[in-house]
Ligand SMILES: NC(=O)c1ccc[n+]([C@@H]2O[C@H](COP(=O)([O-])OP(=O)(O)OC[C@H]3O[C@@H](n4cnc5c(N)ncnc54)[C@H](OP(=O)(O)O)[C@@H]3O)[C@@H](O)[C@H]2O)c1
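Heads up, the chain below is alone and in the form predicted on its own; it's given as structure tokens.
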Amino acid sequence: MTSIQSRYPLVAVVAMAKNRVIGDGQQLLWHIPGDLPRVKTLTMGRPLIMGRRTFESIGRALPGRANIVLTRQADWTGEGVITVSTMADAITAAEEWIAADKQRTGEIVIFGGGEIYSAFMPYLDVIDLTEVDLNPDGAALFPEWNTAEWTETSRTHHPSTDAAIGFDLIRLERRS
């Protein structure tokens, strides 16, 4: 396993169904009114580390954030992204981006997909989770975590209605 260190907290921002599914490789599997503005608040002014397929599913670089794409494809590029091939290079690029402007927030956001979350799981400090009350089919999963290593510091339940899927907003912090 690659060992990485960061001077900034690593925060996973993820929407996950009850069965751990985060995607099907094609499109968003649900729409939760208000979740995209929440994600924007959690990520604005921060570097995002994501895989190539996640970036391609978004379709563009997200403004106000460093879009760092971790990929095995050495010749891959994307408009408005920093392309890296190792976790260590992703952390270095994120730290350099934060250091270049005092207005930027000292957190690094791990933004998916499943392989990226799995690779960074041992190093995460925080998981900001939207847990969606669904059990869809999908190939991309959020990795399991050892609950003994994490403390749930907040949970807000949003019940389903005729107009919206139920979900919980959960913040988990790694125990020191």
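Remember, it's a predicted structure, so these values are computed and weren't measured experimentally. All residue numbers are counted from 1 along the displayed sequence.
Quick note: we don't show the form predicted in complex with this ligand, though the next part is all about it.
- Between 60-68, 111-119, 147-155, 40-48, the stretch whose residues reach within 4.5 angstroms of this ligand in the predicted complex through a non-hydrogen atom is 111-119.
- Within 4.5 Å of this ligand in the predicted complex, a heavy atom is found for not a single one of Y123, I170 and R174.
- Interface residue remark: T77 is not counted as part of the site for this ligand in the predicted complex, having no heavy atom within 4.5 Å.
- Among residues of the shown chain, G166 is not one whose heavy atoms approach this ligand to within 4.5 Å in the predicted complex.
- In the predicted complex, no heavy atom of P9 sits within 4.5 Å of this ligand.
- In the predicted complex, S85 approaches this ligand with a heavy atom inside 4.5 Å.
- Contact annotation for 31-66: residues with any non-hydrogen atom within 4.5 angstroms of this ligand in the predicted complex are G51, R52, R53, T54, S57, listed in sequence order.
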